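Okay, so here's just one chain, in structure tokens, the form predicted alone.
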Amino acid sequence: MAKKLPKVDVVIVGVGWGGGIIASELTKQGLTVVGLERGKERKTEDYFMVHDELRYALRYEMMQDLSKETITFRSKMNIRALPMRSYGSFLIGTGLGGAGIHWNGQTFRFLPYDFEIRSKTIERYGAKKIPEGMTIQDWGITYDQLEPYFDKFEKMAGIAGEENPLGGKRSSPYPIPPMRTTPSMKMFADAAKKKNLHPYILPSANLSQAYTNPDGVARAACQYCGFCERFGCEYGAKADPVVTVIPVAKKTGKFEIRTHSHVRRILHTGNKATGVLYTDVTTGEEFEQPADIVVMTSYVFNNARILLMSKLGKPYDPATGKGVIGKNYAYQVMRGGAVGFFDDKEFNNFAGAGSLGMCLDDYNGDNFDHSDLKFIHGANIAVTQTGFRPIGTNKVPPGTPSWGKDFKAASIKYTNRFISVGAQGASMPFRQHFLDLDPTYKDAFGDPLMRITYDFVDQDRELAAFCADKCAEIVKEMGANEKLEINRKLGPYDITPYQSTHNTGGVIMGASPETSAVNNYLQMWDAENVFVVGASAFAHNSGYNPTGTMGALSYRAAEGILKYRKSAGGMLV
């Protein structure tokens, strides 16, 4: 029998970027908030002098324990899904701050096209441009409506950057100047300009200079140490929830964080939630936390999984295309790049930052004509210098033996003589790609695991080949030798090698309860006091990192929760 606790105004499930932003905004307005985090406490001091590639990058110190909870995967509906027993394609974080602790800090705004993708595609190319089975839809919000929330997120996090010449209009400049320009970045920019393209410096959550945000949180500048992705920042220079929004919420005295608290169900009656049921993983004791408002702010998979286990919202059925929970799972197309090797130049590849780079959007969104192409959308193309670490980085030209004297000689020669130009491709949803509960495998508590059904399709393969050719053209213009590595071919999706942690969808937003799970305030259509915040709301994934757009939607959701509270209930849209 679960122990029933005193009721609070709001309970948050997962205290990462989404949970931290919601807690900060609501507690500043006087609401009492409890944040339930299944992982452990985290603080900046945990990362002092721990530049340990083996411990964090290869043994995944900061990630979820897959022996207790994982996902299952299958490429088609007619085969049995199997559990992901070791990390590969993506990394599932855990602990206070969530994936916001070990991200790189690349902070883009999705393009105006993204939010009205179906309407804009049909308007320009006709309905036949959308292939059979592709389930793209408008998001129920426009870029212009979301722009003020992008601005708020960027000022809170201290995003360093310069205006994207092909992006949406901005209400104000980035709060601080862009990161430094390295030799490889300058080479990329010069080559791109020669091809009449529009390069710009990556927007970065790694501070280019000391910064104090509107909440009064002061942070130091980035040291370019090269330990961002999969690592916490010992300087606090990389924006994360623990050094930005969580301290603001805690300072109000209205925010209580309970770590090691594994939420298993949302409790509800009628069209309203009454609270959540969770287990203290250190003692095994069960608790019921009543609340006026429940906010799901965990990772994509967990948001969808808890709703399905709680029987809240209609599960998606791929056979009929009906239902919404689990619908429109999407990923990222990371194949489609080129690596150039240089005999006459050396680069300090060991130094860098998670969001140090130069990029362009000439081939992203609908910034180019797709009339004669067999795909829609595109990719952000970039050269980045994130800090190549010795165990994980060992590039040699194509044709080099994989072992022996010649391999060693090439490895030593090219350690600091290569540049990789990569494409981060958009991922479109298809009817056969979805999330549901696995009927066979369970977690440590006996609850069903999340099952992913997904594979690359012709849309992805055409996009990857196109982007690889564009990347190769830029690398050649940069002066690379003839031994180019060009990654044109995209085979079946393989969950074993790392690709990207940019999973999206499953609890998507939209204008109608028939096609979406939440409205444009991320309020559930089927439960008015439940808000589901995160990249789970994305109806597709763009050619960018998702965090900037997720942050903007979090601020909008916070505004919606306050409106809901003030109006004493009801649907906001």
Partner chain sequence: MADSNNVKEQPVSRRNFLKNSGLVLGSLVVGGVAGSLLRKPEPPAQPAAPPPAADYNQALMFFTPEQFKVVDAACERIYPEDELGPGAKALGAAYFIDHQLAGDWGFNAREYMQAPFFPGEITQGYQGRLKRREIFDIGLQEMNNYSNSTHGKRFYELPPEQQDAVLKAFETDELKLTTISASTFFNMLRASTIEGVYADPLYGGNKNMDGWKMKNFPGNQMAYTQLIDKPEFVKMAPLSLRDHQQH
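Numbering follows the first chain given and starts at 1. These numbers were taken from a predicted model, which means no experiment stands behind them.
Form predicted together with its partner chain: not shown, discussed below.
352 is the sole member of 336, 352, 275, 232 with a non-hydrogen atom lying within 4.5 angstroms of its partner chain in the predicted complex.
Distance criterion of 4.5 Å from any heavy atom to its partner chain in the predicted complex singles out 180 from the list 374, 311, 180, 124. For the three residues 390, 393 and 404, a heavy atom within 4.5 Å of its partner chain turns up in the predicted complex in every case. Exactly one of the stretches 260-268, 394-402, 151-159, 166-174 approaches its partner chain in the predicted complex with heavy atoms within 4.5 Å, and it is 394-402. Taking the partner from the other structure, its partner chain in the predicted complex has no heavy atom within 4.5 Å of any heavy atom of residue 319. In the predicted complex, no heavy atom of residue 212 sits within 4.5 Å of its partner chain. Though the partner is left out of this view, residue 31 does not reach within 4.5 Å of its partner chain in the predicted complex, counting heavy atoms only. Using a 4.5 angstroms limit between non-hydrogen atoms, residue 385 touches its partner chain in the predicted complex. Looking at 39-53, the residues that come within 4.5 Å of its partner chain in the predicted complex, counting any heavy atom, are 48, 49, 51, 52.
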